[in-house]
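Have a look below at one chain only, the form predicted alone, in structure tokens format.
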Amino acid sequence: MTNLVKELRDVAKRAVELAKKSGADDAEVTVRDGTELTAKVRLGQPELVQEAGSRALGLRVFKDRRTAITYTSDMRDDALDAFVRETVRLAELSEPDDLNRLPEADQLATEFPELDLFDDKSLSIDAAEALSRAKRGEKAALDHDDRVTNSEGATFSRTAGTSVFANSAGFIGDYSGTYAALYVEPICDDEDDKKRNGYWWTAGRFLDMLDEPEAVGKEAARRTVARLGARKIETCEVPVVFDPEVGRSIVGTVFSVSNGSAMYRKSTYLLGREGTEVASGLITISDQPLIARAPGSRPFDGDGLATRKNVIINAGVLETVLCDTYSARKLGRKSTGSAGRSVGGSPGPITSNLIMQPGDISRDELIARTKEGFYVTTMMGFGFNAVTGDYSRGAAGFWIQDGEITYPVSEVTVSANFDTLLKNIDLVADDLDLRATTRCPTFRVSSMTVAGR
């Protein structure tokens, strides 16, 4: 790994130097090297084994307040030289923008915290072991209940990668990470020849963070069987409880309307509402990139700035808008260290570990305190207008009656204005889901429209 990092850093520094020699005022370079392995089984038989490696370099050059962004996978000396020269020529053809320049030198990261993101053990997982884990997960699902009659399969995957970022202001930084996941999706036969599928998964930076395949398969089967006999309900206005598996999309939507790009483009209903109440006082949402071993952690952002914890909503009040350098300049403020970019793309604001703070009651108590309502475990489609806040999605889950989960529900739609939805969150559980980059516990919205038959 040490040799790989040195090699990538040398390539990044050389590309920056070539850009300056070719006439660029400044330059930024991202170099990424990664490997991935995916193995899928269905009904106990291998269906896919795929292993690949990739390496790419992305270059952004600045000249006379003009910019160009290009990328390549050919890093041989002659090819890189020609690639850089061509990128500088492309910049000369673009429209000028006074904000197209590097971050101020004193804003660039100078210290890089150790976040423990790389698991050497994960690299020992070969195709045979990946298939074995997938088979174990699927078999556990098929054996758990006779009503599980089929399967969409089980997939085990692992990835490892190293990223280096450098610019002509003297910044250079790198970090490496791994990630592994197992996903199991069984199928049940329901009435009228309907098929009901469910799923469960486990994931983490380190292999020892993953649940055993058998546990994943059994949970996937339990969730699938629970959907048998699902029915429609009459259209009504009731409390709606969001399982963490679907609640994450609500938290992610909060970011989509509270970032610098949405603000300067005026494409958010939260425009001009910083410092005001935008959600229930129970809601605190923060972006935390410095959590050890977390899936979204990183020591610096896509502009080379140090990352830090940013509280977006604090006890219901919109406190921080996540910005990269460019969107911050458009808004007349400073970056929050939240820039992200693909190898061949422009930087923009992104999240790292976006976390909704848990409450102090259990999930079971939250359900027990719901006399009647709808517990959402699956959502599909996406109907959201960021400017008006209108929100509507297809949903499935379970009906709550007298504080207990009763029968499964499907083919309904939940809707509300998103501003009202956030303000009407009246119960938050303590079961924070730690598997994904966007994390949340179970929570309840006091009233939403559930459209059925």
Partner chain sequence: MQQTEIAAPFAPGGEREIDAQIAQRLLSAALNAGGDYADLFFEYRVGADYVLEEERIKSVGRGVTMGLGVRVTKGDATGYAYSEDLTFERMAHAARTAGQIAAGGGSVEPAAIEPIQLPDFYPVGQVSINLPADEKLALLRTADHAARNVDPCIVKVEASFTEQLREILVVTSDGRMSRDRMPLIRFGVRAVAEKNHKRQAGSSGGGGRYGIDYFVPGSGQDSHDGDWHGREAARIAIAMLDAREAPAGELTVVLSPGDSGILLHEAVGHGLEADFNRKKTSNYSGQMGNMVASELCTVVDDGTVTNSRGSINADDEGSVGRANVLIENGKLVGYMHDRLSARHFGVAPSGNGRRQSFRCMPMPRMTNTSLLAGPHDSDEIIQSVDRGIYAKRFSGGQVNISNGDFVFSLTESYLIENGKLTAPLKGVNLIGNGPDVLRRVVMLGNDYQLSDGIWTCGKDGQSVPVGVGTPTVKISNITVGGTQT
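Just so it is clear, the model here is predicted, and its values are computed rather than measured. Positions refer to the first chain, counted from 1.
Absent from the display: the form predicted in complex with its partner chain. The rest refers to it.
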Of 150, 314, 249, 362, which one comes within 4.5 Å of its partner chain in the model of the complex, counting heavy atoms only?
150
Residue within 4.5 Å of its partner chain in the model of the complex by heavy atom, from 110, 73, 124, 276, is 73
Though only this chain appears here, would residue 425 touch its partner chain in the model of the complex if you measure heavy atom gaps against 4.5 Å?
no
Can any non-hydrogen atom of residue 393 be found within 4.5 angstroms of its partner chain in the model of the complex?
yes
Would you classify residue 135 as touching its partner chain in the model of the complex, given a 4.5 Å non-hydrogen atom cut-off?
no
Flag residue 451 as yes or no: does it have a non-hydrogen atom within 4.5 angstroms of any non-hydrogen atom of its partner chain in the model of the complex?
yes
Out of the stretches listed (375-383, 282-290, 202-210, 159-167), which one is close to its partner chain in the model of the complex, meaning heavy atoms within 4.5 Å?
375-383
Sequence-ordered residues of 345-362 touching its partner chain in the model of the complex, heavy atom within 4.5 Å:
346
